[in-house]
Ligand code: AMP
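Encoded as structure tokens, the following chain is the form predicted alone, with no partner shown.
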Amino acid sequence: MLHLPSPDAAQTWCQQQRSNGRTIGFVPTMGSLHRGHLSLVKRACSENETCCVSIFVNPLQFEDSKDYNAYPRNLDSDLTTLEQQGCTMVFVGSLGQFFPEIVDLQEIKTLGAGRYGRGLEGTFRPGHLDGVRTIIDRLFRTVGPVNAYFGEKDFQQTLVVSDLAAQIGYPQVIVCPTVRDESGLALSSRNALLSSPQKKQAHSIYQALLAAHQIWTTGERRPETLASTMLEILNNTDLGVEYAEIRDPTAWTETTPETPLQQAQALIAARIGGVRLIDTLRLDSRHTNETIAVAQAGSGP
């Protein structure tokens, strides 16, 4: 596996691969890799002739410097893991390398997240999705026309980056299912910051999503009722709930009680012990039923 020290070196490598007729699968990460990341890498490797991964903890998407400083970093371990997964190339970079035209990095102007940045993460983490879109724009322009893989857990983010890709004309964005532990907790680098009791509390997030899915299957289509079902579970825990909402995943408009949904995405954000967790579940998809069945089969007694 090739390990490149800068975005410029990665850009040259990607151009060479395309010149040689090779397709590229790209997985952007902030490192501290877990099975969720590796599922994206595995798919990128299987669907393309080469696979590249970026590792960069992006300060532009952290509204709290303490959260940025606490974010787990395990570069040596990540590189070993990626090589074992068959990754072709991994690259890193500094903020200055991604924005070489800016002398004072405090003056970086972030891109607006766009219409998909409204509400939810846009409300509770102001500036976060702007920072995501800004660095993803640089990453996309680094790797060029590739197949880019993102996890569904960060659902609102996938909408923002897909909108960006449509705007600049590349890459092809592929959204992959959330990977969960045997209890259903969505895998996240931040899970490493949770104690065992906190992880048990965090499992309630998935239980709330399942409850919304359950009443959806009985015919409930009112967003207010679906959201109330999730909150009933979450409010009986020590989690600090920021939001538990239902959105139309295509229109991305805030729903009203008078508007029954034909398609629905349930989204939750909550804090426990200072650690912020998010999760999501599509309610109207057959794929969701299959994913739930697999998770429940592996959960044990």
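All residue numbers are counted from 1 along the displayed sequence. Computed from a predicted structure; not experimentally measured.
Keep in mind that the form predicted in complex with the named molecule is not shown, yet the notes after this line are about it.
*Asks:* Residue-level contact is defined here as any heavy atom of the residue lying within 4.5 Å of the named molecule in the predicted bound form; does T134 satisfy this criterion?
*Replies:* The answer is no: T134 has no heavy atom within 4.5 Å of the named molecule.
*Asks:* With the partner left out of view, is D154 within 4.5 angstroms of the named molecule in the predicted bound form by any non-hydrogen atom?
*Replies:* Contact check for D154: yes, within 4.5 Å of the named molecule in the predicted bound form.
*Asks:* Hey, in the predicted bound form, does M30 get a heavy atom within 4.5 angstroms of the named molecule?
*Replies:* So M30 counts as contacting the named molecule.
*Asks:* Closest heavy atom of P177 to the named molecule in the predicted bound form, within 4.5 Å or not?
*Replies:* Yes, P177 is a contact residue.
*Asks:* So the named molecule isn't shown here. In the predicted bound form, which residue out of L267, L40, A264, L239 has a non-hydrogen atom within 4.5 Å of it?
*Replies:* By the 4.5 Å criterion, the partner-contacting residue is L40.
*Asks:* If the cut-off is 4.5 angstroms on heavy atoms, which of these, L194, L210, L231, L187, is the one near the named molecule in the predicted bound form?
*Replies:* In short, L187.
*Asks:* Within 4.5 angstroms, counting heavy atoms, which one of the listed stretches 79-87, 165-173, 146-154, 99-107 is next to the named molecule in the predicted bound form?
*Replies:* Comparing against the named molecule in the predicted bound form, the contact stretch is 146-154.
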